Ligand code: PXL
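Let's start with one chain on its own, the form predicted on its own, as structure tokens.
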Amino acid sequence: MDHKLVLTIQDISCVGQCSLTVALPIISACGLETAILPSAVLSNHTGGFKSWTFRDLTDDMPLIEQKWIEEGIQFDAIYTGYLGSARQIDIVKHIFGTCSKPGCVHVVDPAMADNGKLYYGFDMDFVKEMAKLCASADYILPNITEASLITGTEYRETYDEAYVLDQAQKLAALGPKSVILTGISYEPSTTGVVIYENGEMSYYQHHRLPKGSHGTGDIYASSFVGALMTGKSSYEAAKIAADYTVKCIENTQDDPDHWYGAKFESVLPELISSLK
């Protein structure tokens, strides 16, 4: 494998095992040099903690980009996670154009909604801008809520393959090479991921665990990027990422004190092994 440099753009929650504190170690463990562009710094994530600090770094992002341009720094892959505003999306689109090596892989996790609702602080104007970012990506990794918002399709809690195929086709029509739909469940005891590429849809199913964890979407996206950039196909990368995310949740199930994230670190050797 040639040495590759991957940039990930998202916030830092200093405590809580999500965003950059997940992406940096996981992608690095896959044998890839990992650079970061933080969009904000929080003392801890906002899911379940009583309070937090928040420092918006939007104004710093173009300044950092300019220094990279001056230094001739370019990336083999750029992966975006949670972005806090439409302005940050515009900055990312600009970076796609200025800091990408020829053939650079652009991966967008449109982290903005779940369970039928947008995250706090987002509106439909933000959704429209995120749809434009997805259109400029090679790979997008929405959940079913994000997919329905981007495509303007009715959100359903229960659905069939025809509904999922319709979502995937509409997302693909935006322009990405591959659509990876996460958390797709046709029955209560299982869940999985749908891969839509070259007009064909495939599905990787695995068992559903009774208890979820904060940050598992970031674990999934990061391990997908890591696997993809080591030469795995879209389906292989989606499968590896799903299996690893399940292992991380299983590793956390019996620890009631660890409610704020998934203990991904101690099962990193299993991710590394799956890439061989």
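Numbers for residues come from their place in the sequence shown, where the first is 1. Given the structure is predicted, the values throughout are model-derived calculations rather than measurements.
From this point on, the text means the form predicted together with this ligand, which you will not see here.
A single residue from the set Ile249, Ile36, Leu42, Leu32 has any heavy atom within 4.5 angstroms of this ligand in the predicted complex; that residue is Leu42. Here the chain stands alone, but in the predicted complex its contact with this ligand, taken as any heavy atom within 4.5 Å, falls in 215-223 among 24-32, 60-68, 239-247, 215-223.
Proximity of Phe75 to this ligand in the predicted complex: non-hydrogen atoms within 4.5 Å are absent; the residue sits far from the partner. Put simply, Phe126 is far from this ligand in the predicted complex: not one heavy atom of it is within 4.5 Å. Not displayed here, this ligand is approached by Tyr119 to within 4.5 Å at the level of heavy atoms in the predicted complex. Within 4.5 Å of some heavy atom of this ligand in the predicted complex lies at least one heavy atom of Thr46.
Although this ligand is not shown here, in the predicted complex the stretch 58-86 places heavy atoms of just one residue, Tyr82, within 4.5 Å of it.
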